[in-house]
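Coming up is one lone chain in structure tokens, specifically the form predicted on its own.
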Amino acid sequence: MPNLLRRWSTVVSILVLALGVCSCGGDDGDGGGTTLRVGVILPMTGAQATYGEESWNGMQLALEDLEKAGLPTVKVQVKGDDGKMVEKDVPISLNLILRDEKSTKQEAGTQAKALIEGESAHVLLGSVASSHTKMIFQDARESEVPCISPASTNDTLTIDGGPYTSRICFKDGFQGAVLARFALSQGWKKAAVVVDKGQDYSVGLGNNFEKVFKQAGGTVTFHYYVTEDSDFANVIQQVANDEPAVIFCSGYYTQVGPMIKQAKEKWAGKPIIGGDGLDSPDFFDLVGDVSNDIYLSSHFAADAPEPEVQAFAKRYKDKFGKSPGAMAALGYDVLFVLMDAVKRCDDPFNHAKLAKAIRETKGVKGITGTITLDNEERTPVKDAVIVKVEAGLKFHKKIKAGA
């Protein structure tokens, strides 16, 4: 296990030399009142561990850049040389408290409660899988603690989560439409949609694909499996019997990869498409040696032509020894969105004020695009990319927001 995964709490400390510091945001329990406690909930172990590792790595790069640029300040009362209290701007220090949700939605909820009640977190970041984030958002809503998901795309998440919740990624209504239009542009008008019926993400993405695909004249059949499955023989045969022009696997890489590998003979030559749930460095290895053309929609491609993407990808590979996936870029961006809100907030230690500042986010330029959250769903309108699975994940084309 990489060293980063062993550290469940990382503290970025800014030394405050003045004595008698008292924050206008109130004492945060560390005696100084200038430490922002950020609870980070990610799948560091279990089936979706690559999502957590990449997201956390991205946050580490963001921390480096935020430190170089100078962290936001808060106004504090400091005892001067004459013994009188004077107001001074003091940098905030960040305490990122990483908790492993172990790739289960139950543990995601448990860790959210622990961070809110045990650690008195000022804000939560996480998680990735929509069903897991739903549990975190439920606790955020009940406790009125702001929470930002870097990567959960289910359409109703932020609406159900309420005004203390937001995300920095596009939603499945857009992603499903992107995949439907891409399939139709290739002349594939008959689709078999394979759905994990136990995952909100998988069900929602499949339904959004169907809506747009059928409106444009395509035909769809649905086939189901569950997350716990490891033998996909039945669903593989059902899809083969349909003789579709394209197979849409709406799910996560940990199931879809082995499914495609098991279907090597029965799905031979059939194009396969999927969503960002397949964007993992492990997906290519899980699929194995198959003849299918495989495409997926995502938020980021490491070999995309934009200079900022290329610079981030090179820096990530130099530091961590591998190319970044979308979760790494979203992990980087989510911390910048949070700190932009902190900078604009007159008291970032106040849950309601910080949540309001997050909701008012406008035009934050990230690796995955420009992020604005001042809309009813607190969800940005961003471009998507289509990547092809070919000795890894290769940039294929960009899809403009609203297209």
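Residue positions are given as counts along the sequence shown, with the first one as 1. Since the model is a prediction, treat every value here as computed from it, not as a measurement.
One more form of this protein exists, namely the form predicted in complex with a small molecule; it is left out here, but the text below deals with it.
Of the residues given (S103, T254, S130, T165), S130 alone sits with a heavy atom within 4.5 Å of the small molecule in the predicted bound form. Contact with the small molecule in the predicted bound form, defined as a heavy atom within 4.5 Å, holds for exactly one of I136, L330, L179, V194, namely L330. Contact annotation: the small molecule lies within 4.5 Å of heavy atoms from the stretch 277-285 in the predicted bound form, the single such stretch among 68-76, 311-319, 95-103, 277-285. The small molecule is not shown here, but in the predicted bound form it comes within 4.5 Å of a heavy atom of A151.
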